[in-house]
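Presented as C-alpha cells, the chain that follows is alone, the form predicted alone.
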Amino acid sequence: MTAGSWVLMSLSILKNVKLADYTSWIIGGEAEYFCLPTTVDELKEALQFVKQNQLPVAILGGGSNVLVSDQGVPGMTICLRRFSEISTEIKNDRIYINCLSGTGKSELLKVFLKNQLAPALFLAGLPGDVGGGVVMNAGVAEAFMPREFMELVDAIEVMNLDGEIKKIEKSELNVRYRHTDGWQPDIVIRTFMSWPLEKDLSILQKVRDANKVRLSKQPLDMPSCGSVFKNPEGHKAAQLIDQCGLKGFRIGDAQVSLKHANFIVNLDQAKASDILNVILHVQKTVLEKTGIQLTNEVVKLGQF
C-alpha cells in the first residue's frame, strides 16, 4: 500500500496510497502523501507537515461526489473518513448536535431515528459525511422537511492551513442550491446543528418505505457518486438525460445507469477519464437537444 511512511506525534503520513479505495466510485490514482487524522490535533499535525514540506493539499471526505484523477493527486491528501465524533444535548424542547466533519451522515441519521425526528427521512437518502453535506448543501428531490442539509445547521467551525480555528454562524454563510460559500479557503472541521423535538412516531416506517423506493429506482448496488448533475430550475436532470436517449450510454466501464439516468456507474474497471468523458457527452447532448446546460456536482481531485 505504501512505499514509505512517517509517524508524527500521533499521526502516520503514508506515501503512494491508492485513492480508489477511498471513493464511492472505486476510481482514482495514488496520493503522493496521505493521512487519516482522527482528531483536531492530528489534523493540525498534518497541516504542519504540509507547511514544513511546502506541499499542495487536497481534502477528501467520505469519498462520494468526488472524482480522483487516474494520474493521482500530488502533494498531501488529507482523508477525513476517520475524523468522526458526535455528541448530542437536549434542552428547551430542541436537540443540539455537535459533530466532526468526517462523521458519516448515517451516524447523524441514527440520532434522528432514535429521537423520532423528521430529518431522519431526509438523511436516509444521502451518502457521504457531514462536511460534504455542508460544502455541497446536499439535498433530495422529494418534498421532505428538511430538504437541504443546511436547514439543519446553526454554525460551523473551520481550520486554516496554519491550524487556526474559527466559528462561522450560518447567517455569515452564503447558502444556495447544492452549494455553500463563505468558509473557503479553510477546512470545515465541525458542524453545530439543532432541530425541534417534535416527534414523528411513524418515522422509522417512513424511512423503511423510502429506502425500498430508492432501492427500486437507484443503482445503489453499484459504485457511483450519487446524483451527478444538479436539477436545472424547473426541470429534473434525470428526466432530461432519459429524454435524450442517454440511459445506458457507455464509455469503457463508465455507464449512465439504466435504472436512474442521473447516476453514472462503474461497471467494473472504469477510469476517471471514462467518467469525465461520459459527463461531458451527457452535457453536450442535453444542451444540443434541449438547450439546457446541465451543471455537474462532482468535485475533481488531481490533474485532468
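Residue indices: 1-based, along the sequence shown. Since the structure is predicted, the reported quantities are computational estimates derived from the model, not experimental observations.
Separately, the form predicted together with a small molecule exists; it is not shown, and the next lines address it.
- The small molecule is not shown here, but in the predicted complex it comes within 4.5 Å of a heavy atom of residue 64.
- In the predicted complex, the small molecule sits beyond 4.5 Å of every heavy atom of residue 283.
- Although the partner is absent here, residue 180 lies well away from the small molecule in the predicted complex, with no heavy atom inside 4.5 Å.
- In the predicted complex, at least one heavy atom of residue 263 sits within 4.5 Å of a heavy atom of the small molecule.
- Within 4.5 Å of the small molecule in the predicted complex, a heavy atom is found for none of 86, 150 and 155.
- Checking 216 to 224, 201 to 209, 90 to 98, 168 to 176 against the small molecule in the predicted complex, the stretch whose residues place heavy atoms within 4.5 Å of it is 216 to 224.
- Though the small molecule is absent from this view, in the predicted complex it lies within 4.5 Å of a heavy atom of just one residue from 121, 73, 108, 80, which is 80.
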